[in-house]
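A single chain, nothing else alongside it, follows as structure tokens in the form predicted alone.
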């Protein structure tokens, strides 16, 4: 790549510091769904939380034993809430991911913070000046099937002239609807925490209030029927990049997406077409074994795929592969090393044939951001 920037802070970017605290009593909004879900995280309040969920109609009686068994597992943490039960079997699934990670304000803040941090480290911080972003169009590439619009709504609220989202896989209309209104709630309750690029709380609220979410769930349902786009004004959701104009975007960003893409040459070629000649792509790539963070997997090693050869929903490309594809695709730029495995973590003596030819540096890359411009 054209240059290298390093993250000064150790650990995964955006992680919140842990701390010990006394068991909190249920707050005054004790009947709220979030309060009931939080009760599940502590053994002392778990039984009462399950009973309350059932009494409020969120949890059916026949699933009570299933939830009790799952929550009693030693490996249980609050992030496993989203994998407790099949989505179609219980209505609470629509809101579980607020606690499990898919629908959290912290996640949206982290995505935007990583994006801005990468631009600054790579010498493109001027692209985030308030006057410039008000003239800029940005695309969230691979925005997710559950919270497809959260990042785009926030990016528009912050000040971008247009903030679009692209997700090629069928979305969950009910879940995306929930995520939209949850995102708006975050913005109205704690606007200062999202004012990452200079937007004032009042301006951010006014911008979001101007978006048109009429018949939102119905529009999202129709989007799954074929190639299309749903427009809410300056925020749009696409399921096919062929519907986008060439040379349209000043910025294209993604977070933990490219490691899942099978046709990388085709994807990069299309990104290059829709990007303006002076535009920038910012991609954060997670090279770890995604089974290690999946609630239904019992994998302890962040690079278990090196030792068993199993690729679970990832393409297996390493950092060197990714960077070579960027160059072949007509890009140049910088690598921001966000997380690297410590010395001795990767056991090269156990690496299967598929990964045997990679350097230790390639095998140790955990999370990188890439800031790319057209050659």
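Keep in mind that what you see is a predicted model, and the values were worked out from it rather than measured. Residue numbers count along the first chain shown, from 1.
Here the subject shifts to the form predicted together with a small molecule, a form of this protein not shown in this document.
Figure note: of the listed segments 212-220, 258-266, 176-184, 125-133, the one touching the small molecule in the predicted complex, with heavy atoms no more than 4.5 Å away, is 258-266.
Of the listed positions (166, 121, 160, 115), a single one reaches within 4.5 angstroms of the small molecule by any non-hydrogen atom in the predicted complex, namely 166.
Of the heavy atoms in residue 199, none are within 4.5 Å of the small molecule in the predicted complex. The closest heavy atom approach of residue 287 to the small molecule in the predicted complex falls outside 4.5 Å. By the criterion of a heavy atom within 4.5 Å, residue 142 is counted among the residues contacting the small molecule in the predicted complex. In the predicted complex, the small molecule lies within 4.5 Å of some heavy atom of residue 107.
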